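In the structure tokens that follow, a single protein chain appears in two forms: structure 1, then structure 2.
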Structure 1
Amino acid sequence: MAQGELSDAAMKFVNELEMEMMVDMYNRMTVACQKKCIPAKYKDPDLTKGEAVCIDRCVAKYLEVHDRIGKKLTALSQQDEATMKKLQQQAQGN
């Protein structure tokens, strides 16, 4: 197996971890947006227009921030990987 490749078991673990993180993010978003946008005591069985707009905006912001964080973490991970390769090449060159 080449360096950098993951075994099937490792890939399965990574996929399960990613799914777990997405479920956690969804649950946090649901709780946060419901708490922010829907009063604890409500009279109507359906969302009001204001509640629906609030939830739409809340979810959009939550997902946008999640996307930005994901992109930043990916960039940092790629930088770390490049740094590690350089260090390994320097160590092998000495």
Structure 2
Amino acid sequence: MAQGELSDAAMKFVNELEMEMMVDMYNRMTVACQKKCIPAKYKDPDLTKGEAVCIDRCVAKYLEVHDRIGKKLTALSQQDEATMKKLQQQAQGN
């Protein structure tokens, strides 16, 4: 039962962390797309069609980049873990 409790607490922590990171990513995306799509000089308070389209595409590209980097980092960390395990095994063997 203790292990179950641990995994519950861990799950809770992971969920909270995911939410926090999601919010952080959202904020960064907002800043990035604003910089890329909205020009410095404002003429109108309303968005032009070009700006609206730009925002759509910006969000799509950002999320795709986010996924791609996520996969790459997971692969890298798995590689790191494998090398660490190998080193540990070698050390234990010696």
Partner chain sequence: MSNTLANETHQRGLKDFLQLYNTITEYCFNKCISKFNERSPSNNETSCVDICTDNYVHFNQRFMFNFVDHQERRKREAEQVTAEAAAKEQEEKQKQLQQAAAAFAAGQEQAAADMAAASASSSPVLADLPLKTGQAMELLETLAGSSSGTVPPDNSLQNIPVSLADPVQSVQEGAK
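Each form is matched to the other, and the largest set of C-alpha atoms that superpose within 1.5 Å is called the rigid core. Numbers follow structure 1, counted from its first residue as 1. The structure presented is a predicted model; accordingly, all values stated were derived computationally and were not measured.
Remark: structure 2 matches the stated condition (the form predicted in complex with the partner chain).
Relative to the superposed core, M22 shifts its CA atom by less than 2 Å between structures 1 and 2. Relative to the superposed core, A52 shifts its CA atom by less than 2 Å between structures 1 and 2.
The chain behaves as two rigid units between structures 1 and 2, and the smaller unit swings by 19° against the larger after C-alpha superposition. The rigid core superposition between structures 1 and 2 gives a CA shift for D80 of 8.7 Å.
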